[in-house]
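In C-alpha cells, the next block holds one chain alone, the form predicted on its own.
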C-alpha cells in the first residue's frame, strides 16, 4: 500500500443512539455489529444501512465474536455474561446466556477451527467454552492482573492472553500447560501518586506468516486519570520472544491503541482513540508510521471487512464509520 494520504477516506457514517464501543464485521461481509453504552448491540446492513438492535445484557459489552459461517454472534458483557445470538435474525433474541466470569468480560477469541471460544476479564482467569453449546471445556489461571486481550495462534494449539501488567501468557490449549510468558511491560505503568495501574495489552495480532507478534496499547502514561499517554505497538519475534521494534507515533497525545489488524499486504493497521482518534499504518521495518488517517471523533473499536478494504471504527459520538482503503 502506498503512503499517499489520499488512499483512505470515510465512505459511510452509521448512527446509533449512544456512544459505541466494540465492533465486528460478519464473515460474509453483509453486516457490521457494534456494542453501545445503552446496553444494546446494533447490526447494520452495509447495503442500505438498515439497523437492528439486540438487547439482553445488563451492562456495557466489551467484545464480540462471530462464528465462521456468520450465523452466530457472541457478546461479552460487564454483567459476567456471555450471550449467543442468531446473527442474521430479523428479531434477534438470545439463544443462550452463560455466567462465565466474576466481573467484566473484556476479551473474546474463537479458535481457528471455530470450535472453542476463549473469554477473559477482570477475574484474571481465561476460560475455554464449546462454541456450539456454551459448555465449559477448561480454564487457565495464573494472570496477576485483568485480562485485556486474547488471541489464538493460527495453528490452534496455543492461546495467548495479554494482561494489564503487560505480560502475555502462552498456554497449550490441549492440556492447559503454560508454555511461556512474553514481555510487553512497556505497555504498563504504575502511577504512584494516583496509585493507579494503567495501560495493558489492549490488542494483539500475529503477522500472516506467524513470524511477528504485535502487542498494542499505550506508554508514557504520566497522568492516567487525566488521560495523558501515547499509543505504542511492540513487535516481538515469535520464535525468540525478543523485542524487535517499537512502533511509535507523533502528535497523538492522549491516544491509545484499541485494536490492530495485520493486513495481507504486509502493513500493520491500528485504531487509536482517547483523544481525537485515527487509523495508524506502519510498515514492518519502520518505527514511525507511513501514514496517519485522522478520524473525526475518538475511536473505541475497529474491525476490518473480509475484503481487506473497508475498515469499521466505533466512536464516542455514537457513529460507526466505514473507511475505505485504496490499493
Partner chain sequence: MKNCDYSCRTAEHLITRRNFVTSLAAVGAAAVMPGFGLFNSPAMAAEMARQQKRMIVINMAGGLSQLESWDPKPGTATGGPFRAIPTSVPGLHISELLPKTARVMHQLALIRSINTHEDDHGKGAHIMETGRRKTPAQDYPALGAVVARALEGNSASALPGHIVISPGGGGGRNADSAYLGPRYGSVVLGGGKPPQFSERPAGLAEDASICANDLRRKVNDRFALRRRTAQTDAYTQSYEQGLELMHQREIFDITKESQQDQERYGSHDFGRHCLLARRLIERGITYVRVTHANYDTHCENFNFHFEQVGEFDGPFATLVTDLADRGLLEHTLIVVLSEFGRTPNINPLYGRDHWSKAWSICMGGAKIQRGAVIGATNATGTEVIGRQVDGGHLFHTYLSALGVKSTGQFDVAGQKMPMADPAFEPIDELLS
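These figures come from a predicted structure and were not determined experimentally. Residue numbers count along the first chain shown, from 1.
Just so you know, the form predicted together with its partner chain exists too; it's not on screen, but the next bit is about it.
Contact annotation: residue 59 falls within 4.5 Å of its partner chain in the predicted complex, judged by heavy atom distances. In the predicted complex, its partner chain stays beyond 4.5 Å of every heavy atom belonging to residue 277. Proximity of residue 39 to its partner chain in the predicted complex: non-hydrogen atoms within 4.5 Å are present.
For the chain shown alone, residue 20 is a contact residue for its partner chain in the predicted complex, at least one non-hydrogen atom being within 4.5 angstroms. Although its partner chain is omitted here, in the predicted complex all of 202, 224 and 256 have a heavy atom within 4.5 Å of it. Between its partner chain and the residues 114, 78, 86, 156, the one pair within 4.5 Å by heavy atoms in the predicted complex involves 78.
Scanning 135, 195, 240, 181 against its partner chain in the predicted complex with a 4.5 Å heavy atom cut-off leaves one residue, 195.
Stretch 143-151 is the answer when you ask which of 143-151, 127-135, 243-251, 165-173 has residues with heavy atoms within 4.5 Å of its partner chain in the predicted complex. Within 4.5 angstroms of its partner chain in the predicted complex, the stretch 291-311 places a non-hydrogen atom from each of 298, 300, taken in sequence order.
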